[in-house]
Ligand code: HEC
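Taking the form predicted on its own, here's one chain by itself in structure tokens.
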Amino acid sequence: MKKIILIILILLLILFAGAQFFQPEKNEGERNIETDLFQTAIVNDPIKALFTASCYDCHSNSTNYPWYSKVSPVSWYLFDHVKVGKEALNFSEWGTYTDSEKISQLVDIGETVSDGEMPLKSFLIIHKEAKLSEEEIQKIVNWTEQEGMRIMEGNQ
């Protein structure tokens, strides 16, 4: 019985070591591109700081990866997590969205932040600095409403 357990442990160790050679592509594109939210919308410095700390790692083309992102299978989990986040909302591509898409995204941002759905709890476990206070949530909600109104007024 001990031999079987030892063999299983050795096989698991070999699989774990082998998995380290298969890393997914990193999301490390340019940050200040022409289509980025910060370049194409009116975003004040406090909101920029909140979005940078709490949103941009998963919702832009530029992720700041922690040390543990180099370890499989965590690297695969993070790759998928960022991919899904960017599919839902990509601040690096904000300038390519239509006005109606921007307004829809702004409504979603306000709702998900207000409901405590974002940032994700799994993200906050490691990134405590990304947790939003009630005051910060209200700042984001106010900004989304103002930016939505600005976009709508520009269409009249």
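Since the model is a prediction, treat every value here as computed from it, not as a measurement. Don't overthink the numbering: it's just position in the shown sequence, from 1.
Missing here is the form predicted together with the named molecule; even so, the following discussion is about that form.
With a 4.5 Å cutoff on heavy atoms, Ser62 does not count as touching the named molecule in the model of the complex; it lies far away.
Proximity of Ser54 to the named molecule in the model of the complex: non-hydrogen atoms within 4.5 Å are present. Gln39 falls outside the set of residues with a heavy atom inside 4.5 Å of the named molecule in the model of the complex.
The closest non-hydrogen atom of Tyr97 lies beyond 4.5 Å of the named molecule in the model of the complex. The three residues Cys58, Leu89 and Thr112 all sit with a heavy atom within 4.5 Å of the named molecule in the model of the complex. Residues Val84, Gly85, Ala88, Leu89, Gln105, Asp108, Ile109, Thr112, Val113, Met118, Pro119, Leu120 of 84 to 122 are found to place at least one heavy atom within 4.5 Å of the named molecule in the model of the complex.
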